[in-house]
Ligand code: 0O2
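Only one chain is shown below, in structure tokens, and it's the form predicted on its own.
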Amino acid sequence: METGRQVMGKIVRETKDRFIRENLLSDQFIDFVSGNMLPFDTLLAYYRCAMMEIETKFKVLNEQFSLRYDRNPIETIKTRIKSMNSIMKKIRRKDIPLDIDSIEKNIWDIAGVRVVCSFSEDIYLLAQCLLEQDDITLIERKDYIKNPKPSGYRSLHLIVEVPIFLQNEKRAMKVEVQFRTIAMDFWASLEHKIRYKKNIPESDMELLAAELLDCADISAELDSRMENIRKRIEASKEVESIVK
């Protein structure tokens, strides 16, 4: 006689097998893969180029701030291209046609750049510097710092278009840019790892969400206090230079 665990395991395997057969092995998906792999790989290469353009812009800005103001507002720059698996899941979730043009038109975060800053003020300063460049077009802005998500997540998200110059053409490609402080990035990274752990009892989820929200508030307070300390130090330096 099968135990409850064995029955559940069997159901999971059958569900997974059915999903693969109905979706990943469907005629539509097979036709898409066989007919679009080269165009799809080319599209991803374009996104990588756009991602590198944005990354370079921030590296140049960081160098300029270092030379002019003797400080580096950027701690780290992280980049990523969505995997085929993530793109396919988004196609299903958005219920969009399975073709290259539709992917490029409807999925805006295939290329991503995350800029981790020391202070919140640096986030808005760098975002402004980026958007003031004449080859950057703002498509969408979501400020989760001023308006955090219910979970406590904080970040500034921009969708921008940047041109890439190919052999015989110029293409405008979309890139998602996320700005976070060190504290925001630390919280978001751990929150993601915790939330996507398997086998967390449902009874613990509500307590976990409340604890994560509390940690997010503590993280935001830390950012605010560190920013105030920096301002006090800078103000003291200005007074000292005047006195001298």
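Worth saying up front: this structure is predicted, and the values here are computed from it rather than measured. Position 1 is the first residue in the sequence shown; the rest follow in order.
Omitted from view is the form predicted together with this ligand, to which the following refers.
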Interface membership of R80, this ligand in the predicted complex, 4.5 Å heavy atom rule: yes
Exercise: K94 in contact with this ligand in the predicted complex, heavy atom 4.5 Å: yes
Contact flag, N62 vs this ligand in the predicted complex, heavy atom cut 4.5 Å: no
is_contact(E176, this ligand) in the predicted complex, heavy atom dist at most 4.5 Å: yes
Joint contact, Y47, D99 and K170 to this ligand in the predicted complex, by non-hydrogen atom at 4.5 Å: no
Among 126 to 134, 67 to 75, 160 to 168, 143 to 151, the region lying within 4.5 Å of this ligand in the predicted complex by heavy atom distance: 143 to 151
Stretch 203 to 225: residues contacting this ligand in the predicted complex, 4.5 Å heavy atom cut-off: none
